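In the form predicted on its own, a lone chain appears below as structure tokens.
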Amino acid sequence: MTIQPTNSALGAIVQDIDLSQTRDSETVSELQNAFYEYSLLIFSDQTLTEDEQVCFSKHFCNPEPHPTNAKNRGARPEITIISNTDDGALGNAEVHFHADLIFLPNPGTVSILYCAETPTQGGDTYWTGNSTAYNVLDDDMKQRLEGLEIAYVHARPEYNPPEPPRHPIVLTHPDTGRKSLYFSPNHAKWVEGLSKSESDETITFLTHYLTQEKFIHCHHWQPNDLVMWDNRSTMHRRDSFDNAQRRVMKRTQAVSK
């Protein structure tokens, strides 16, 4: 197994490993350390059943059924089908930058996406390196953001809890102790305790700052790719694609406790 960092602000490419096989504890530990260091791991040429994907996911999290999307599931309830087919979610439109399930009190932690089918063009996914972005912030801005919380709301009312959850802008990762910007412009509504103008200014700043090209890694999918990311230190978005072409992904995910 080799782990090669990308040339981006986050991510590493892992080669010479078969994820369908049971892993020894030393290899699992090496993968876990790489995941926490790089926030994004990319594997190619994997052939996985749903059972094998769930088994692999358990090395990093406790995968569970999607909390808001019960109808787009695979044979294993832990699998969510992300596709433009009748049995999948999200269709073919662009999906803007977000962190998974941040609109819930217990938001997403680890997400793992396996590519079964993908169009020849479009459907690329982009991730932001929020830890790197935090590290290079000037000290004054770090101090201004420390302790602030943002309220998050999903566009679909049925997905939302009775009260919008508030999550910190500066998040200390529970497993690494490293600080990162934690944000989801697709769901952000207001900054708790600030005036509307100050709140809007802060949300606009975070949106533009984190989506600078220098903080982004883009992945052009191939069939049998598997990509996993840490929602606590990244955001991601997806390009639109031609609905005449199939894009079928299988996702496992976990939420904070």
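Residue numbers here begin at 1 and follow the sequence given. None of these values were measured; they are calculated from a predicted model.
The discussion below concerns the form predicted in complex with a small molecule, not included here.
Region of this chain that lies against the small molecule in the predicted complex, out of 71-79, 166-174, 96-104, 132-140 [heavy atom, 4.5 Å]:
Stretch with heavy atoms near the partner: 96-104.
The small molecule isn't shown here, but in the predicted complex which of L145, A116, L90, A151 has a heavy atom within 4.5 Å of it?
Of the listed residues, the single hit is L90.
Only one of S184, T125, T109, S180 comes within 4.5 Å of the small molecule in the predicted complex by heavy atoms, so just point that one out.
Partner contact (heavy atom, 4.5 Å) among the options: T125.
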